[in-house]
Ligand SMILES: Nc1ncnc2c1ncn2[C@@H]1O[C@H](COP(=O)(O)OP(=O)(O)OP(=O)(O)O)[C@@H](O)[C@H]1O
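In structure tokens, the next block holds one chain alone, the form predicted alone.
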Amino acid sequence: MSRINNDVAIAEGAYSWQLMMLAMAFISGIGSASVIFSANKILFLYGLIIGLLHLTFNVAFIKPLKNVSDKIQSKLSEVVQRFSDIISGAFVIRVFMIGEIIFKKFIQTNLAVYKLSLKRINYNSILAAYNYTAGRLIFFGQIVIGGYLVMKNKLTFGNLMISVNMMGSLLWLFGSVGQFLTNLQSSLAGAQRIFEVLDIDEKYLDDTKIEYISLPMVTEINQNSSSICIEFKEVSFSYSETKEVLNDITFTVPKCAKVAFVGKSGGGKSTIFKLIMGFYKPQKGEILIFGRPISCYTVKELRSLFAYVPQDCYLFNGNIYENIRYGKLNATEKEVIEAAKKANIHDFIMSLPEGYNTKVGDKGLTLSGGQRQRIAIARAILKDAPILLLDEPTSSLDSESELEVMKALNALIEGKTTLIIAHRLSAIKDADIIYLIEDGKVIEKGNHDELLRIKGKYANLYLKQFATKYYF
């Protein structure tokens, strides 16, 4: 947001008023230099030398101004972030009564911008003071030299007046070049942050025009004789150089199977989903989907293979119909309603005064967690992708909402290859394969009964959950 609002506004100064002033200075400066040169070459040489010194002094401020401008733009981004925290976290701030602390952090960031801005103003003030003083001294020197030449009959009084009047435009040329270069540093600081976004290779970005899986690709998938849908071969991945999230992990997901990933938080389960969907590339190893390396898919092809239901389902600020239809942009009204019925949300939608045209509010906050979840499931049902990714879809729901969501999930799972991340082990007892992930590796593998029989970490985890549930 800061790059779009602040940095673009700062950067546009380079090609609007700054460039215009420089062009005006060049036109008037070159014209004035021609007149002075024809009037007297000594005065022209004087103006040229002084002008170059003038320019040199201005250019000396380029580096410090660039550094402070970079810091200002970065801090302005932090101001936007702090302000966003205040707005988005308003309920949490009030409940925990941390308003004073959060506000202090906001003030501190603003003060940092204030101090940096003062520093930039000081640089500009020094330049402005120098330019003004130098202009008066140059005028005085011109009168002295010109007066001497007039007394020596080497210059007429009329040509002296012409040179005096024209000298301002010549010096303005040099001063404007220096001023342009110093002012340009603020614009370049904003432009640099903009180009960091614009220069990202398009192949790593989502496509703006969503195209769903093409018929030739569907045929290829259906005709693939392999029984494996997804395969990880010694995959390693790290978000930073300090710690590997996945460490030579190897596993397979059969076609049309229900496969669950369990384990402690931070073990790498969500990272597996991100790698499968192409948000990151593994540093080592290979990921195959339907027998093809993931690198052989375009972004459109890869994303069209998945329907994703996260733990905290995001709904866009619009109506319910639009949010479901995002699963398939060319879907008919009948298809949208059918998807809502399968997700057990149709009756609730029809009970609303505006039905499918009901506005859900920012992030769907007018709806309960279970209702948002079922709308997201309807969106996934509508997409009808061959692979389904469920990231703890019921962990934040009450028992009644969980039951409704599970009914909706059963309609979604039918005939799909399903990968589930779950902390509630009761929700994955019927999974075909359960992988216990710990420190980026597969520690245990099997179905629910098999893992209980070996009495390993999964069994221990299950008994803890069961005992806790029984106790309460």
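In case it trips you up, residue 1 is the first one in the sequence shown, and so on. Every value quoted in this text rests on a predicted model; they were computed, and no experiment measured them.
The discussion below concerns the form predicted in complex with the ligand, not included here.
### Message
Please identify the residue among G99, G266, G158, G361 with any heavy atom within 4.5 Å of the ligand in the model of the complex.
### Response
In short, G266.
### Heavy atom within 4.5 Å of the ligand in the model of the complex - the one residue of K284, K243, R94, K154 that qualifies
It is K243.
### Query
in the model of the complex, does each residue in the set H54, R136 and S163 place a non-hydrogen atom within 4.5 angstroms of the ligand?
Zero of three within 4.5 Å in the model of the complex.
### Query
Closest heavy atom of N344 to the ligand in the model of the complex, within 4.5 Å or not?
No, no contact at 4.5 Å.
### Message
Is it the case that S270, even though its partner is missing from this view, gets within 4.5 Å of the ligand in the model of the complex, heavy atoms only?
### Response
Taking the distances in the model of the complex, the answer for S270 is yes, it comes within 4.5 Å of the ligand.
### Query
Would K115 show up as a contact with the ligand in the model of the complex if we use heavy atoms at 4.5 Å?
Answer no; every heavy atom of K115 is more than 4.5 Å from the ligand in the model of the complex.
### Distance check, K104 to the ligand in the model of the complex, heavy atom within 4.5 Å
No, K104 sits far enough from the ligand in the model of the complex that none of its heavy atoms falls within 4.5 Å.
### Task
Choose one stretch from 189 to 197, 347 to 355, 312 to 320, 258 to 266: the one whose residues place a heavy atom within 4.5 angstroms of the ligand in the model of the complex.
This holds for exactly one stretch, 258 to 266.
### Contact set, 448 to 463 vs the ligand in the model of the complex - heavy atom within 4.5 angstroms
If the 4.5 Å heavy-atom criterion is applied to the ligand in the model of the complex, 448 to 463 yields nothing.
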